[in-house]
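First, one chain by itself in structure tokens, the form predicted alone.
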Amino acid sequence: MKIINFGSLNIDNVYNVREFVRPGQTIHARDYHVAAGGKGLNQSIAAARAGAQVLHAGMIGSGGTFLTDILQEAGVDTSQVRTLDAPSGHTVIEVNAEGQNRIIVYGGTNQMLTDTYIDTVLAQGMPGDVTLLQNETNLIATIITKSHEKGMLVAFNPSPMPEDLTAVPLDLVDYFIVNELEAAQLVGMQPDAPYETILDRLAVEYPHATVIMTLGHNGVLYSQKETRLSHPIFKVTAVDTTAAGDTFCGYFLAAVCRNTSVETALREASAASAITVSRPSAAPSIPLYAEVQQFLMDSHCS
């Protein structure tokens, strides 16, 4: 069982600031660096470091070669990544003194997938494999439909949220991996609605799907038919939250591929996410599986 991730590949331009810039304001950055990013890249690295077999599908352009190098170093298969004569996807990220972030994404080559390319990639998959998607590439509806027709499981992390949800065949999604805001948007509810109420509505609208809802400081909720589970966060000092959700996603799906229990999957993914937020940057902050196991041992002993 492997993961085929049709995922974004971004060049992250990261600016550390004391406070987020306000409209009309000009501020000095305290630090600046360039890093590998994109929700897709982060999730592939997380899943691979958690031990999953991961095939990454996507496009890079000018200046993007180092992105595939980093994926390969993490153990990700990049044989289907294509290079185009166009600007690579990239981001502008503000990270404030509290470790919170604000992100602007430019799609670039991430928005240049084609139907032919999708067919070529999916030919590498088997029924029961997982197709992982975010919403930073194009042709999301096509990938979901073709993956479902092939008998693959579809895991969708709808970030950023699609502007037109009716254009995406959400009824074919097997795993929704969402934060509380995205979960509320999926069912047209206010973001301050009770979490359990949002889960109830999701269960009605997508009865066959599994929902994993991350809640920041409030941990994570899991819903699959009649089963409801939760896991609290592991308390750490936050340095940079940029890749926290992506780490959780990759680690959780890696556990799914190992056919481990849901409880173990939530625990390992929560621990991996906690380690990630305690470190600066995105992809470089994602822990190895051995680090997560040591963290869990130390947490159990403390």
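One rule holds for the numbers: they count along the sequence shown, beginning at 1. Source: prediction; values computed, not measured.
The next section is about a form of this same protein that is not shown, the form predicted together with a small molecule.
Engineer: Report the stretch among 252-260, 266-274, 25-33, 59-67 that approaches the small molecule in the predicted complex to within 4.5 Å, counting heavy atoms only.
Structural biologist: Stretch 266-274 is the one.
Engineer: Might residue 233 be said to contact the small molecule in the predicted complex, defining contact as any heavy atom within 4.5 Å?
Structural biologist: Output for residue 233 is yes: heavy atoms within 4.5 Å of the small molecule.
Engineer: Evaluate residue 134 for contact with the small molecule in the predicted complex, applying a 4.5 angstroms cut-off between non-hydrogen atoms, and reply yes or no.
Structural biologist: Residue 134 lies outside the contact set for the small molecule.
Engineer: According to a 4.5 angstroms non-hydrogen atom cut-off, is residue 217 in contact with the small molecule in the predicted complex?
Structural biologist: Yes.
Engineer: Can you tell me if residue 179 lies within 4.5 angstroms of the small molecule in the predicted complex, counting non-hydrogen atoms only?
Structural biologist: Output for residue 179 is yes: heavy atoms within 4.5 Å of the small molecule.
Engineer: Would the small molecule be touched by all three of 238, 245 and 248 in the predicted complex, meaning a heavy atom each within 4.5 Å?
Structural biologist: Looking in the predicted complex, the three residues 238, 245 and 248 all sit within 4.5 Å of the small molecule (heavy atoms).
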